[in-house]
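Next up: a single chain in structure tokens, the form predicted on its own.
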Amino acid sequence: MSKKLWQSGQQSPDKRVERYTVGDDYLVDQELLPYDLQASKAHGAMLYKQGLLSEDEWNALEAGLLYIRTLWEENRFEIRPEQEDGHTAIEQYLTEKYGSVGRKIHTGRSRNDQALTMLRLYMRDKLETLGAQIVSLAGVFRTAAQAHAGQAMPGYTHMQRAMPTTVGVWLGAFADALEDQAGMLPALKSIIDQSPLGSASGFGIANFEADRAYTARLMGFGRVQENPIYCANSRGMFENTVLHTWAPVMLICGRFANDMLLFTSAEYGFFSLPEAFTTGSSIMPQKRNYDLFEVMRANVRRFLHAQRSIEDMVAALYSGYQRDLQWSKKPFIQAVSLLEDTLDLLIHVLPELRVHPEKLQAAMSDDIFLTEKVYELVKQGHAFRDAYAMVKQKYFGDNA
């Protein structure tokens, strides 16, 4: 059995302690491994530039990291529970296969800044892909709104018919909301776009001057996150900031899901989707269920729970790294996955929306036009409150 990176003697930790402290974190690192490899390559290049790796060692390191990436892509690189994390798995593999370079790769860094850097790279990657998805979904809503711009439908307040509107205005509201949220992304990117690599355990290394600007440049970061304690303190904080910024996008999707669950019911029947987007019942032959929107509604809450769990964790911590933060990785990745899947689903579902004009028109009852009648009287010179009372008396009499 391989030793831990921190283990100097022969005494292994108690298995109960190991299981409890490692949990399933090593499985989470399996997903993050490509970002860990990217950071290791930049760090190795810096060590070579500073003369701490020979040319042969640097060539071996490059080849080794590339081969690990290939194994990972083929589902053949395994992080074992006793290794605790992906950082250990990479270093031990390099040591076993390539010798001295594996023993040197950790020079000038800690598992703390390794984790920070791979997560930062993951965040930056997801900011790009999710940002594109948000913009794409806004465009899909906009297209649907334009296609149904003239189709009348009732507007609702307090879940009751209120005033006339159109399907285009209803769908356009979601397009506007998503476009506003997309406008938040540049500010979020500016926060994330800083490299923590070289901050080590949160204090740098006094007698080792890492070329942090060089590694930041190699990884494509705009700048270095200079203060090493801030680097450590940003673990969990940045994850919370990202999810907090994206939470309104999930809320927008959840509101659309709620509307669709209401408007596709038999009592409304305003809209429907092809059968491929619905499910059936195991007992009722006639049933077609819009489960996707129920699950979407639940996933909004799951997303918010993940964000709040990270926020609650950070709220309990002192400055510097605490191992509590290990448990911020899983909810963060789960929340990102929920948002990705939700956006992807809606991008493909919305173009299939079927609008039923006859149902919409049947719901356009006379009462929802009464406010317009009030304003016809206002235009004739009546005070608004008098016009309101006159219309109410005319249509409802003593029950007004």
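Numbers follow the displayed sequence, beginning with 1. If you're wondering where the values come from, they're calculated on a predicted model, not measured in any experiment.
Absent from the display: the form predicted together with a further copy of the same chain. The rest refers to it.
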| message | in the predicted bound form, does every one of 46, 73 and 138 come within 4.5 Å of a further copy of the same chain, counting any heavy atom? | response | no
| request: Go through 134, 314, 218, 144 and name the one with a heavy atom inside 4.5 Å of a further copy of the same chain in the predicted bound form. | output: 314
| Counting only non-hydrogen atoms and a 4.5 angstroms cut-off, does residue 125 reach a further copy of the same chain in the predicted bound form? | no
| request: Using a 4.5 Å heavy atom cut-off, state whether residue 264 contacts a further copy of the same chain in the predicted bound form. | output: yes
| said: I'd like to know whether residue 111 contacts a further copy of the same chain in the predicted bound form, with contact meaning heavy atoms within 4.5 angstroms. | reply: yes
| query | Though only this chain appears here, would residue 327 touch a further copy of the same chain in the predicted bound form if you measure heavy atom gaps against 4.5 Å? | reply | yes
| query | Quick one: which residues from 177-196 get a non-hydrogen atom within 4.5 Å of a further copy of the same chain in the predicted bound form? | reply | 177, 180, 181, 183, 184, 187, 188, 191, 194
